[in-house]
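Presented below, as structure tokens, is a lone chain in the form predicted on its own.
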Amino acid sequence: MRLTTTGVAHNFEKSIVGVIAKEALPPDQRTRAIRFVGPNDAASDADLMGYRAILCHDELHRDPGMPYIHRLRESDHLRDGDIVVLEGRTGLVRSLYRPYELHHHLFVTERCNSNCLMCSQPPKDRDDVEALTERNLELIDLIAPHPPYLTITGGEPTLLGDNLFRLITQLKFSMPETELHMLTNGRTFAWPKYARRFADLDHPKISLGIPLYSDFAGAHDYVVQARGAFDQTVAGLHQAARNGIRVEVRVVLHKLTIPRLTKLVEYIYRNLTFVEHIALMGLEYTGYTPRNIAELWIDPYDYQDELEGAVEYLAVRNMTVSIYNHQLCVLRPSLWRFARKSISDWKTLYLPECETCSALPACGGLFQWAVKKHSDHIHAISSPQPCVVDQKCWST
């Protein structure tokens, strides 16, 4: 699903965040809204006053003296209640929140202190912290109804410094019932003072998703392209647990992580017993992955022995384990009950061969960009088999 569109901006330079309104609202309800005027809609001057901004395809008959973007290239993806941000200098319109979707994210920075070989959101060395923090504080204030789950992601969220604590505090008071899951490399939590301060926020429903790619420090550090990252990550995991912060371990499966997967899950069981969830994740063909594909790619069909062994090892020891980003037809049926529909709604793709599959309603599908690279063994399943797929999971 489309996330952005562009047009020609007038009367503003700073970004504007607001809720799409496709019908005229009463004047007292307009201050939070961005009025969308469709190609065939007739709107008087009075109908346009009082909104944060106006979006339209056609030229306006006169300048309304307020922020607006016209000559929109696309708008079919915009619905009532969507929260968008308008950029005055570029005319960009970006969707930030769609209330009807299952997966919701708060993107907080493009900066990162790791540089993972398979990063789906390659870091950028730009100072975006203040601008994105202000945008996200506005977004939090506008979100309604409150979602059951929300993922904080980046980049590396801990690089926000005090601004991260501002965001979490706002989330705590604005939507205390929403489960928060923060994706972080965990390295900053190695400092006891930081872990204690994070815990002191006392958010009732927050957890961390921290990647660990090997039981061997050199292998993990190579994958994340940061010397000393393994030691910091493991220390961060322990400091988080020591301070009562819930943690999940994430493992992206590829040619560099599969050979030691059995040893890694044993390491997790013996040294990270406090972990509440282990997610074994398929490779996402975007970001840095395409340029490193020769070093990373292994068909998921070819590592079923290792995957099944790792899942069984953890499951029989009462550790909660899930499989993300894998198609049911590639997994062995014994693993289906561990598979989760984890791919965000707007990223999900099903191939033509999926259309006749009896397991389609339970399958999480592929990433949209997987059309360029995916398992050679994807096929329609002709007869139903027992399958349990849990919708309650953190997105990728």
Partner chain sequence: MARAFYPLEQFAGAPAGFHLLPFRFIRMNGKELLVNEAGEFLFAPPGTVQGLVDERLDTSTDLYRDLKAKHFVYDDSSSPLLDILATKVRTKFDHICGGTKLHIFVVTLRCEHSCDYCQVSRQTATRGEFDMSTSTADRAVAMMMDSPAREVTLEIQGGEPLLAFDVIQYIIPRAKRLAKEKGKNLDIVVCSNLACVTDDILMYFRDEGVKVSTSLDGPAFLHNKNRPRPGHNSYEKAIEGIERCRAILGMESVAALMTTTATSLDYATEIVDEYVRRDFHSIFLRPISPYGFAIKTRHRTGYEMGRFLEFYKKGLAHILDINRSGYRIAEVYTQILLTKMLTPHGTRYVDMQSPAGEAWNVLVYNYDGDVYASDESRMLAEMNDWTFRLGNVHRDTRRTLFTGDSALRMFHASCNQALAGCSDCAFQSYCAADPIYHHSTQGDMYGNRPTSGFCSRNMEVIKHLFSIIEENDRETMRIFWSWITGECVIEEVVECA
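Numbering follows the first chain given and starts at 1. Source: prediction; values computed, not measured.
Unshown form predicted together with the partner chain; subsequent notes refer to it.
Quiz item: Out of Tyr301, Phe216, Trp191, Trp297, which one falls within 4.5 Å of the partner chain in the predicted complex, going by heavy atoms?
Solution: Going through each option in turn, the one that passes is Phe216.
Quiz item: Which listed residue (Leu261, Val247, Cys112, Met281) meets the criterion of a heavy atom within 4.5 Å of the partner chain in the predicted complex?
Solution: Exactly one residue meets the criterion: Cys112.
Quiz prompt | in the predicted complex, segment of 284-292, 79-87, 195-203, 247-255 with a heavy atom within 4.5 Å of the partner chain | solution = Result for this chain: 284-292.
Quiz item: Taking heavy atoms and a 4.5 Å cut-off, does Phe230 contact the partner chain in the predicted complex?
Solution: Phe230 belongs to the contact set for the partner chain.
Quiz item: Is there a heavy atom of Leu117 lying 4.5 Å or less from a heavy atom of the partner chain in the predicted complex?
Solution: Leu117: contacts the partner chain in the predicted complex.
Quiz item: Does His238 reach the partner chain in the predicted complex if we count a contact as any heavy atom within 4.5 Å?
Solution: Within the cut-off, so yes.
Exercise. Mark Ala226 yes when one of its heavy atoms lies within 4.5 Å of a heavy atom of the partner chain in the predicted complex, and no otherwise.
Key: Contact with the partner chain, yes.
Practice problem: Could you tell me if all three of Phe12, Glu138 and Arg166 have a heavy atom no more than 4.5 Å from the partner chain in the predicted complex? | Solution: No, none of Phe12, Glu138 and Arg166 comes within 4.5 Å of the partner chain in the predicted complex.
Quiz item: Are there residues in 238-273 with a heavy atom within 4.5 Å of the partner chain in the predicted complex, and which are they, in order?
Solution: Contacts from 238-273: His238, Arg242, Arg260, Lys263, Glu266, Tyr267, Tyr269, Arg270, Asn271, Thr273.
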